[in-house]
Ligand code: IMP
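Only one chain comes next, encoded as structure tokens, the form predicted alone.
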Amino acid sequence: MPCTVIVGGFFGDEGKGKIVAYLARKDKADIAVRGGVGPNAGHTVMFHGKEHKTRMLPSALVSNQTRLMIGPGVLVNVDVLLQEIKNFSTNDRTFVDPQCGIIDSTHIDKDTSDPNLNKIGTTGTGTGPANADRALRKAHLARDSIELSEYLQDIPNTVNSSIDSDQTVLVEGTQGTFLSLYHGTYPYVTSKDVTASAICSDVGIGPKKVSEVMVVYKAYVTRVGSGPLEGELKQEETTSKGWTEFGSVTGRLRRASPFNFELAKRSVMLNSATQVALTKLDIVFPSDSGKREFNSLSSQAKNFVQKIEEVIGLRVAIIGTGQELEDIIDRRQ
């Protein structure tokens, strides 16, 4: 389908980067455009044994034919973006909307020194203060940056024109549904809405342009920073299960809990999801590592997937079974 929006179903860290990268290569995406907050979200893709970590560029960068875009609702750290463009050699296919807000050193300083922000577990990347300045209409924009001048493009116009021409467009969200400023565990949330509707607004497309909304879950729940986490495990139990993870931006230890079926069901509602992707099934069911056919999964893993489907009322269309990009079971019709 021409336009698919990919969003996180829990508290971030669900593996959206892997899913976006897989879809970009599998479906030969023409465009991947990033919505969401900004460089406070890191996405990781393992491709041919090499780990690719991004905070600004869309995760589709491993698909050489895909143009990489950043929508006007996204905050940009110029240094981080330019370094990623250099690292991944995407100079000729990276585009930034002139309306993107810019994070400067004063935003980062405030984010790391404000005790109230520290209390809620901010990433310290300056995104909250930068979004506050944008709401006050005093933030600088990408159009003001000489360093970004060669990358500027009207992203809403480009994306809408591509959809109208039946090109394949992936819209990549950041964070997770329950870190939404409006729908999350306030005040332990990010600085804006990050559900599918908001991600579309970030890149300048209306709801009638969207073909599919894919919500991504991990086979267990993790959360970085403060805030409630129902069923949270003690660190010893997390370690014994092999669920220990660290945030890709902050390096902080992620808190963990078992898969939350009620949150999953609610995120389907909040995002008007039409499809579901499930990642890291192999971490919960190690014997299923690397499998690429649903029928080859263990009965325990199949039952787990089927229970998710029964509760949320949607088919689990894509299942991740390993670190590598191609460790995927693709059940899309």
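Keep in mind it's a predicted model, so treat the numbers as computed, not measured. Don't overthink the numbering: it's just position in the shown sequence, from 1.
Beyond the structure shown, there is the form predicted in complex with ligand IMP, which is absent from this document and is the topic of what follows.
Site annotation in the predicted complex: the residue of Thr94, Thr190, Asn77, Thr195 reaching within 4.5 Å of ligand IMP with a heavy atom is Thr190. For the options Leu263, Ile120, Val210, Leu148, the one in contact with ligand IMP in the predicted complex, meaning a heavy atom within 4.5 Å, is Ile120. Shown alone here, Asn40 lies within 4.5 Å of ligand IMP in the predicted complex, counting heavy atoms only. When contacts are judged by a 4.5 Å heavy atom cut-off, Gly17 does not count as touching ligand IMP in the predicted complex.
Using a 4.5 angstroms threshold between heavy atoms, Ala130 stays clear of ligand IMP in the predicted complex.
Taking non-hydrogen atoms only, Gly12 approaches ligand IMP to within 4.5 angstroms in the predicted complex. Every residue of the trio Leu179, Gly225 and Arg252 has some heavy atom no more than 4.5 Å from ligand IMP in the predicted complex. Residues with any non-hydrogen atom within 4.5 angstroms of ligand IMP in the predicted complex fall in just one of 64-72, 270-278, 41-49, 294-302: 41-49.
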